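Before any questions on how it binds or moves, here is one chain, the form predicted alone, in structure tokens.
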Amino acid sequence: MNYWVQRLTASIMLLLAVSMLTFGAMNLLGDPLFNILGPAAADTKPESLEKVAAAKELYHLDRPLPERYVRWLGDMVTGDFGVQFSSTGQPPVSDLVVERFPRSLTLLVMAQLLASMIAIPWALITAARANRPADRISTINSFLLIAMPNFALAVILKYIFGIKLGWFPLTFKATDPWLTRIYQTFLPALTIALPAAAVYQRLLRTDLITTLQEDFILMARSKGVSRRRVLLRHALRPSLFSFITVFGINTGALIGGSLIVESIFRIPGLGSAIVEAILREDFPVVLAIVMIITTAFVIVNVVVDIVYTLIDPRVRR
């Protein structure tokens, strides 16, 4: 129980720290009034001054920064992310989140599933043939995928499978049926998944090779257990710790990579939303998306801890 209390406390402290840093940074950069009212924010005419006063009251910009943070934090905990910066105070940020979050979540989940489905068999095959020509070729390919920037891989995959072969659509259409949208998301997800799969494969391959040298593996082999069964039933499970750790940590990096991929494949998700919000300095949108991403990262890592305890209950001690 103490283990989970500590994990919960650490997660809450992390979320608070991110919220304070992000809120402070957003309010120190740029001029919210200029983003809301445009040039009228710097005008000294009476009607402009009235608009400035009304905007300050609407967005609580006339309050001290700590008070605004506490107000924003209390609203955010209840699911109220405020409204986007505009002269009318509309539309609510929650509308944007509800519309775009499912698309980004689908992309990220598909990418992680594809990465795992590619990495685990790939690691098993290369570990079973360690230091042979196939393993060396695999090493070159994995380093190539890791070194290649996401935008370059996205352009290559889009050109080959979208333009030349015509197997996948070039753009995402939010009005299409759900299964069609899943199909449209496959190529962007594969773009994110391939470099992640290369990272997972390198780690899992190394751990598998080490595990295959353990005494219990040698004993299983001496009893006539087939190499395939040794790999799948005896070596894979104790070799998964590094894989699971990086799986959780890499989620944050994949979210960052999805910003570029969403732009290239024109997926209107949270990635494109935060890019647009940063460009126009729409602080409420940026704050909401940052906190959603951070919360998702924390949840994924808590799930990783739960998986740890399922693999080895000694982790909780």
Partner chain sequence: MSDTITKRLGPLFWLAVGWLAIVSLLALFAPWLPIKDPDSYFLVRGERPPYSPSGTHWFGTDQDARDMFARIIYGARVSLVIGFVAIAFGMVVGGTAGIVAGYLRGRTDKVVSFIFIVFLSFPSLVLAILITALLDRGLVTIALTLGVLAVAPVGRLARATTLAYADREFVTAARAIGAGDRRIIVRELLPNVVIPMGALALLGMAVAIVAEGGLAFLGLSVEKGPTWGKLILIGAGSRELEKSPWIAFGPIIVLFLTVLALNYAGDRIRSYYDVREIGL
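Positions refer to the first chain, counted from 1. Here the structure is a predicted model, which means the values were calculated and not measured.
Note that the form predicted in complex with the partner chain isn't included here; everything after this is about it.
Chemist: By the heavy atom within 4.5 Å rule, which residue out of 165, 98, 147, 117 makes contact with the partner chain in the predicted bound form?
Modeler: Contact check passes for 147.
Chemist: Residue 158: heavy atom within 4.5 Å of the partner chain in the predicted bound form?
Modeler: Within the cut-off, so yes.
Chemist: According to a 4.5 angstroms non-hydrogen atom cut-off, is residue 299 in contact with the partner chain in the predicted bound form?
Modeler: Answer no; every heavy atom of residue 299 is more than 4.5 Å from the partner chain in the predicted bound form.
Chemist: Using heavy atoms and a 4.5 Å limit, would one call residue 70 a contact residue for the partner chain in the predicted bound form?
Modeler: No, residue 70 stays farther than 4.5 Å from the partner chain in the predicted bound form.
Chemist: Although the partner isn't part of this model, could you tell me whether residue 125 comes within 4.5 Å of the partner chain in the predicted bound form, counting any heavy atom of the residue?
Modeler: Taking the distances in the predicted bound form, the answer for residue 125 is no, it never comes within 4.5 Å of the partner chain.
Chemist: In the predicted bound form, does each of 4, 93 and 303 have a heavy atom within 4.5 Å of the partner chain?
Modeler: No, none of 4, 93 and 303 comes within 4.5 Å of the partner chain in the predicted bound form.
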